[in-house]
Each structure stands twice: as structure tokens, then as C-alpha cells.
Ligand code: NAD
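Quick heads-up: it's one chain on its own, the form predicted on its own, in C-alpha cells.
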């Protein structure tokens, strides 16, 4: 079996999770990760046995701090087949030319614009579009969440309109620089960017999105109203969700009434970092009236895009032509059960 050599540029919220997911795959080798500062995350990477690389401008800072590195980012690019760019939003564009010059493929995250790559990726909706591509972009956590449920619904029933309100966390749990805010803050620039981002993969979908920033760090919650071409039943929709890749149904009556219980559930089932890779849909919150479907779903912003990055590597590097087979392989390695 051919092994793809992978590097991760940026060892933060997403990068550390991508690194662990790549290291868990039997057809991939994690060559190294990068940090710009010799902080606890850099030391954690070394403790985990990951090769640590830094930008040339950071070499002296790491020497002064006594933190051992394996080389520069340029050195890392010379050792890999593909780089997963997990730098902060808007920064990836600065590295694109460097990746191109090094002759390596690169995956960018949802913080970058679709125009940067011209291809946006979701395992379920368009796995094959990134086949053999040099550059691709895994869409954001919220977009990934919407695609995981809307795409199978559209395939089965054909969606006329989708109306989504996103109640979004104010900051990640480990972020002490911002939030949580003491209030609810609506995004008044409408529609929000989430709808157009979904359309970067499903351009035919008529979707409108709004968002509210809430005083929480745990997860996002989506309220979704979908108008379908034909009438269906709640039971048939639930059947679609049950068979949809990386969608997990929970019940409020079982005690999972909020995102707090979902995070506790993730801990209880032994997930690393309490990660919930699946999109969580409240089964008893799904309702069909005529041709209109209503449901709630929760998105763990720190982790739902991680398996998508692994599948994107396989598509871009032509490792597994069948998207479902790649998803199954990724899920098994990461402990994601259907």
C-alpha cells in the first residue's frame, strides 16, 4: 500500500486534530507540523513525537527558548506529498505560492475564500471534484454541518428552499482573547456567508442563512426549515438521517437537551479532546408538516471538519476513488461509528 507523506502547517485548534487524525491512518505518514512560536503547543507536538518545523523568521526564537526543531517550513515542504494548511483564516493565501513552488499539493480550510482554490470539498457531497487536484479547500464547520444533512435530503426529496438560522459560539473553549459575550449578537449583514459557502458545493441549492453569536464556547446550533418538492413523512426523513455519513441522532428525552450534554456524551464515549465529529440531530426535534421539514442540529466547531480533511487527502492524492470507501476507512481509524 502506498503511503502518502503529509505535513500540517499550523498546530492550533484544527491543526492538532488533523495531525492526530492523519497519524491514525494506515495509508498516511505524518511527517511534521509547524508552529510560529515556542509555546506549549509546540512542546506538546514534540512530546507526541511529531516532527516540529518553523518559518525561517522563527528559528532564532525557538533556539533562544531551547525548543528543538527539525527544520524550517521550506524543509518540511521538501519532504511531503501534501500539506494541510491550518493557519488562521486569511493567512493560507500567503502560503499558496510557496506550496506551488515546492510542487506539493495543499488543502486549505474554510477560513479561506472559495476563490483561492476554485474547489471546495465535502466528503459526502462532492468527493470526486478534488480528485488529483493540486489545491482544494475543506469548507467551514457550519458549512460542513449543513452539507451533511441537506445533501442527502436533496438527493432523496429535492429541496426547493432551505432557511437556516445559526446560533454560533462566541469563541473556542481555549480562547481567552475573546468571548463569551454577555449578550446575543445578530449578524446584520444578510444573508450570512454560510449560504453562499454551501452553494460553492451545491450551486443549485436555494438557501438563505442568518446567524446569531451566543454566550457559549461549546458548539453551534442550527435551526433548519426545508421546503421539499414533494410531501414526505417524519419517519422517512429520520431514515435518511440514520443512514447519512457522520450524522448522529440523539433524543432530548434521553437527557441530551443541550450542547452541554452532547459534549459530556463525547467524553463518555471516550472521544479524544471530547470531539464530536458527527453532526448531531435531535431525533425528537425532527418534524415534517406537508412538504416542510423542521429540525435542529448541533455542530462541534473544533472537530467536524477533521475527517473531511483526511478524505480530501485521499481524493487529491488519488488514493481511494470511492468516497464512501474513504469515509469508512477514516471513520474506522478515528473511532467514528455509523
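Predicted model only: the values in this text are computed from it and were never measured. Residue numbers count along the first chain shown, from 1.
There is another form of the same protein, the form predicted in complex with the ligand; it is not shown, and what comes next is about it.
Checking 281-289, 64-72, 31-39, 44-52 against the ligand in the model of the complex, the stretch whose residues place heavy atoms within 4.5 Å of it is 31-39. Contact annotation: of the candidates 259, 124, 120, 109, the single residue with a non-hydrogen atom within 4.5 angstroms of the ligand in the model of the complex is 109.
Interface residue remark: residue 86 is counted as part of the site for the ligand in the model of the complex, having a heavy atom within 4.5 Å. By the criterion of a heavy atom within 4.5 Å, residue 244 is excluded from the residues contacting the ligand in the model of the complex.
Taking the partner from the other structure, the ligand in the model of the complex has no heavy atom within 4.5 Å of any heavy atom of residue 313. At least one heavy atom of residue 95 is located within 4.5 Å of the ligand in the model of the complex.
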